[in-house]
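Only one chain is given next, in structure tokens, and it is the form predicted on its own.
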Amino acid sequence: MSVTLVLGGARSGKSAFAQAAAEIVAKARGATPVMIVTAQAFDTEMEERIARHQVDRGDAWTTLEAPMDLVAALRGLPPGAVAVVDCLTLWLTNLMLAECDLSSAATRLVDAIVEFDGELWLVSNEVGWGVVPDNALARRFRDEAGRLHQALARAADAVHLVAAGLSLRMK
């Protein structure tokens, strides 16, 4: 069983990469892949974006919504599950807005992926390569995302960076 962290910028192809990999594994095992989504639709644009993702995935996927309690969603999957989490930066945003203890949440997530008995792809936005944000909240988000990615990369079996639809295996 394995855990793969997939990082990349917005519209880099990271979700498509993770989905394609999960579909291959699920098909080989005769399993139904699971998409664990963290997005919440607070406006029409996000509702449309979520609907497009659902159509792109098709009916072959089971979808679980876990905007906050990602650990429970992971632990609720059966042994041997094939799953994609999309995406961790939205999950982090949800936790920040709810003023959760991010360090504890990250530790619980790392523990859950280490214990995960299946094939798991974790999708997240790499946000640390741009200009230094001009406000404290954005700087905190960038820093928290960087810390989360480092912890997940240490725990993951593989790490891929995706840019322009191309994957570079980093670990």
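Please read all numbers here as calculations on a predicted model, not as lab measurements. Numbering starts at 1 and runs along the sequence shown.
The same protein also exists as the form predicted in complex with another copy of the chain; that form is not shown, yet it is the one meant from here on.
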| property | result |
| --- | --- |
| Another copy of the chain contact at Arg139 in the predicted complex, heavy atom, 4.5 Å | yes |
| Any non-hydrogen atom of Ala22 within 4.5 angstroms of another copy of the chain in the predicted complex | no |
| Non-hydrogen atom contact Arg52 with another copy of the chain in the predicted complex at 4.5 angstroms | yes |
| Contact of Met170 with another copy of the chain in the predicted complex (heavy atom, 4.5 Å) | yes |
| Stretch in contact, per heavy atom within 4.5 angstroms of another copy of the chain in the predicted complex, of 24-32, 65-73, 110-118, 142-150 | 142-150 |
| Interface residues of 4-18 toward another copy of the chain, as seen in the predicted complex [heavy atoms, 4.5 Å] | Leu7, Gly9, Ala10, Arg11, Ser12, Gly13 |
